[in-house]
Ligand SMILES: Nc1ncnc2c1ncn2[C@@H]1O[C@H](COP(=O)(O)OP(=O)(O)OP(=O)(O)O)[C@@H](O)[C@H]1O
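The data below hold one chain only, encoded as structure tokens and taken in the form predicted on its own.
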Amino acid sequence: MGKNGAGKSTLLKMISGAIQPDAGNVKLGASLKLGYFSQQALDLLDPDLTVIEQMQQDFPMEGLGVLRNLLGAFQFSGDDVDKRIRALSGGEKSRLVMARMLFDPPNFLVLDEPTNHLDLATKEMLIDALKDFEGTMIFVSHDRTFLRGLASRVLELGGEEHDGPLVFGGSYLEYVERMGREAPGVHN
């Protein structure tokens, strides 16, 4: 976490391989299966397709029932699957991107502001789903509820009270208690 411009998204892009570091290298384990949700992930959806057509295009070998069940888990049911992607809200698009990413679950999630555009109920659903995730997660979020629900360690970039990154080995709640403040840039 950190203020805007501190390098949080850049760090995640380097971890995901979307960009290369200026110096040094990023080395990920051989058995790692990465899932990356970026703030630009919504651009990967085809606006001319329906929700179900997007899933069928992405997973052509899967049956309609399997795809509908997955979409149902992400609150797309009934006629919702026939909506054109261009007509979806930002939150609906985010849910669709998450459903696509979690269809074949990775063991390492890199999430950049996954709660942007989500309503409260969907945020809570996402937190509950991610609590059950058995792999490793690294994420950037300015959302206190998301941080409190999932963060087991904290990396603060661009903090005012210290030079360089601050690594805190406890949960976000422990971080707030010890620091006596919310992290920079964090909001409700």
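In case it trips you up, residue 1 is the first one in the sequence shown, and so on. Since the structure is predicted, the reported quantities are computational estimates derived from the model, not experimental observations.
Here the subject shifts to the form predicted in complex with this ligand, a form of this protein not shown in this document.
For the chain shown alone, Thr10 is a contact residue for this ligand in the predicted complex, at least one non-hydrogen atom being within 4.5 angstroms. Interface membership of Glu92, defined by any non-hydrogen atom within 4.5 Å of this ligand in the predicted complex, is ruled out. Contact check for His142: a non-hydrogen atom falls within 4.5 Å of this ligand in the predicted complex. By the criterion of a heavy atom within 4.5 Å, Ala6 is counted among the residues contacting this ligand in the predicted complex. Taking this ligand as it sits in the predicted complex, the stretch 18-41 never comes within 4.5 angstroms of it through any non-hydrogen atom.
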